[in-house]
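The chain below stands alone, shown as structure tokens; this is the form predicted on its own.
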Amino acid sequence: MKRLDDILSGAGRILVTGHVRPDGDCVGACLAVRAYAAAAFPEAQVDVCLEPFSPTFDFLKGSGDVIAAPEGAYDLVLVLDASSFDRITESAVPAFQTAGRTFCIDHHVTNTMFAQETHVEAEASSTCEVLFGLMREDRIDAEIARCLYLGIVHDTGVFKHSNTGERTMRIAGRLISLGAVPARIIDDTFYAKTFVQNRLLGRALVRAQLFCDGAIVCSWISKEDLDREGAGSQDIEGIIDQLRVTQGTRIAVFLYELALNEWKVSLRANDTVDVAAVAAEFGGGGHVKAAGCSLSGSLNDCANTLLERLAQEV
């Protein structure tokens, strides 16, 4: 196992990037590495390239310096929290392809090992948990601790999901002692919702339907819904988790439309169903109890295809 210092060492220009539609773990991981690298290797140029993310993450150090598209060649492109090449931030792909070295740090069991070097800990709750183990603790300041704690909180659903283990809780406790403030991070970035986000959540809940005698709950949000509210993909985060806690259900399914007849699918399981295996059949991936994929076609066609396959699991 390489330590983060070993990975970063010797690189003059470093690009840190993550996956499309970055969530809390992706954003927290990227900004944590940027802050860590800037302190440990002050002579290096460290850029973070990500798609737009939730403004609730703007309190993290370096959030205002994230670039939309990198320019020039990089000695190292470090990809965080992305399980496959097609999941990388699109504008960072040219830099990845021309980089002197590429390295991926991830926690998805479905990682395709697309980088020259890869470090995956599939048993970890989040990429931020993995990063804590790769960092020198004496270099983790309060700003880095906040970034890592945010990622862990978001990928564990505030420590409710089954990926939360003893190690996760020990690391979270250590991050608190290093300066992370749970109340602010949890309330302001996980539970707090804008009026638009609540409207979209309400629409999804009203549309929700039960299948397979209540074992599966499914709902959806269209591109038209998002456009009407002036919303983006960051405004529907958390809907799948609200569906998941529907009493008696084993699987939650949420589809949202990225473009006409192009759907992003989120899957969650409440028991032993392996939704990552199902997602992989449709070109996606993730974790045993939290996974996703993309589908093309009408809502009815996509939903029916998914539900027919998931029915075999329940």
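Note that the structure is predicted; figures quoted are calculated from it, not measured. For every residue, the number given is its place in the sequence shown, counted from 1.
The discussion below concerns the form predicted in complex with a small molecule, not included here.
- Look at 244-252, 31-39, 259-267, 53-61: in the model of the complex, residues with non-hydrogen atoms within 4.5 angstroms of the small molecule sit in 259-267.
- When the small molecule is considered in the model of the complex, residue 156 lies well away from it, no heavy atom lying within 4.5 Å.
- Contact check for residue 15: every heavy atom lies farther than 4.5 Å from the small molecule in the model of the complex.
- For residue 9, no non-hydrogen atom is located within 4.5 Å of the small molecule in the model of the complex, even though that partner is not displayed.
- Within 4.5 Å of any heavy atom of the small molecule in the model of the complex lies no heavy atom of residue 102.
- None of 89, 219, 189, 83 but one reaches within 4.5 angstroms of the small molecule in the model of the complex through a heavy atom, and that residue is 83.
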